[in-house]
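Presented as structure tokens, the chain that follows is alone, the form predicted alone.
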């Protein structure tokens, strides 16, 4: 917010309800000058305007509004394209994919795109430091297997996704949807990824007012 918008909020807090004309007089500016600020603060949910009465403070803060936005924003709206390989991919080729795609985690999928596991940069580094032939070790030997892979659905909130990243101390989540269920075993199709970078991008866009 601009310094003037902060002043407006403080005036409304102290003098609720108050007309736009009175706010303008207290700030020693024309009413027309304040229209963009009042419109923005009203649209943001910080102020409420009532005809022939004036402006009220809603009691919300910018931080509370950001929290509400994060809880309402769905993962499906912000997910990025997943980087996947099949289980028979060699560790060497998996490492190449990791760096060429500039990601920290690869998702291992079946031929029809269902999640089998995940492998991180750290997992691959451990293998690379060993004495095995990276060309002959399939990535499914070192991956974390389903159901031990932490996942997120597209309908869950960005807040829930970020919470999982923090709670499990991981860098990325596969975004999945259930495509079939047999004998209590769900088949999860990978439709995207949600990462720490996704969280950072969301906050940058919020800061830019997007």
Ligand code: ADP
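Residue numbers count along the first chain shown, from 1. Computed from a prediction, not measured in an experiment: that's the story for all the values here.
Another form, the form predicted in complex with this ligand, is not on view; read the next lines as being about it.
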Inset, instruction - Name the single residue among 33, 148, 61, 185 that comes within 4.5 Å of this ligand in the model of the complex, judging by heavy atoms. - result: 148
Inset, instruction - Answer with one of 69, 48, 171, 160: the residue that has a non-hydrogen atom within 4.5 Å of this ligand in the model of the complex. - result: 171
Legend entry - Interface membership of residue 135, this ligand in the model of the complex, 4.5 Å heavy atom rule: no
Legend entry - Heavy atom of residue 144 within 4.5 Å of this ligand in the model of the complex: yes
Inset, instruction - Could you confirm whether residue 123 comes within 4.5 Å of this ligand in the model of the complex, counting heavy atoms only? - result: yes
Inset, instruction - Please run the contact check for residue 91 against this ligand in the model of the complex: heavy atoms, 4.5 angstroms, yes or no? - result: no
Inset, instruction - Name the stretch, out of 149 to 157, 49 to 57, 36 to 44, 22 to 30, where some heavy atom lies within 4.5 Å of this ligand in the model of the complex. - result: 149 to 157
